[in-house]
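Before any questions on how it binds or moves, here is one chain, the form predicted on its own, in structure tokens.
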């Protein structure tokens, strides 16, 4: 079957048909998917029937996989994070705009998310293009941001207080910390990063993990960060992906952000994710 690529919005995202991830993906097929990812920031493949090892095998085509530093993995598969929201849960995992693992010195290059069980309606994921977010800023603000670096850490999400409030972790029993409550990660990255493959500049701050600018206090940093957080989610930078059982989303964390909507209370949602290790942002 021929591979087809259909953009889902002018800003970000494309559906790729004609690739079966449950069998070995040839170099030509993989090249098409990779080029689509670089061109669109996120790609979506429907009607896949995968086990955790299939997800691992395809993820490894992009590079070594990350073992999540804070969360308990799927039993027997250290690189697979199973993301569950049960009918009784009120909070969900990933329920605000972010890019994965930006608090690490080498944040995730890409992430793959596979839908095992979805609610009858709701549970969509939004994606936003950080190239466009950067390019839409004024020349003056771009010059300011080009010279700044920002501190990313896990304090707002993975501390006991943050867990009690839900947020990105959620409250499902399977979404438990794998480290002590006082464990944390922190890294400093450019506010504007240059994509190592496309050469384009992208905004690289997010409301989950970016806490302040380097050499500034949180209070001093807050006004500009608040503006950037609101700016990057403008509708013209985004797409909305409606999940179907067996769908896979693959996104480039270097130039996109995503947001898992929490609008399906009373229903169960089960996803499996692997993340590919990246390089240090520059």
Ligand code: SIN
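Residue numbers count along the first chain shown, from 1. Keep in mind it's a predicted model, so treat the numbers as computed, not measured.
If you look for the form predicted in complex with the ligand, you will not find it shown, but the lines that follow are about it.
In terms of contact with the ligand in the predicted complex, the residue from 191, 83, 80, 109 that brings a heavy atom within 4.5 Å is 83.
Contact annotation: residue 125 falls within 4.5 Å of the ligand in the predicted complex, judged by heavy atom distances. Within this chain, residue 201 is remote from the site of the ligand in the predicted complex, having no heavy atom within 4.5 Å. The ligand in the predicted complex comes within 4.5 Å of no heavy atom belonging to residue 115.
Although the partner is absent from this view, residue 103 stays clear of the ligand in the predicted complex, with no non-hydrogen atom inside 4.5 angstroms. Considering the ligand in the predicted complex, the lone stretch of 128-136, 193-201, 144-152, 94-102 in range is 94-102 [heavy atom distance within 4.5 Å]. With respect to the ligand in the predicted complex, the three residues 260, 269 and 273 uniformly fall within 4.5 angstroms at the level of their nearest heavy atom.
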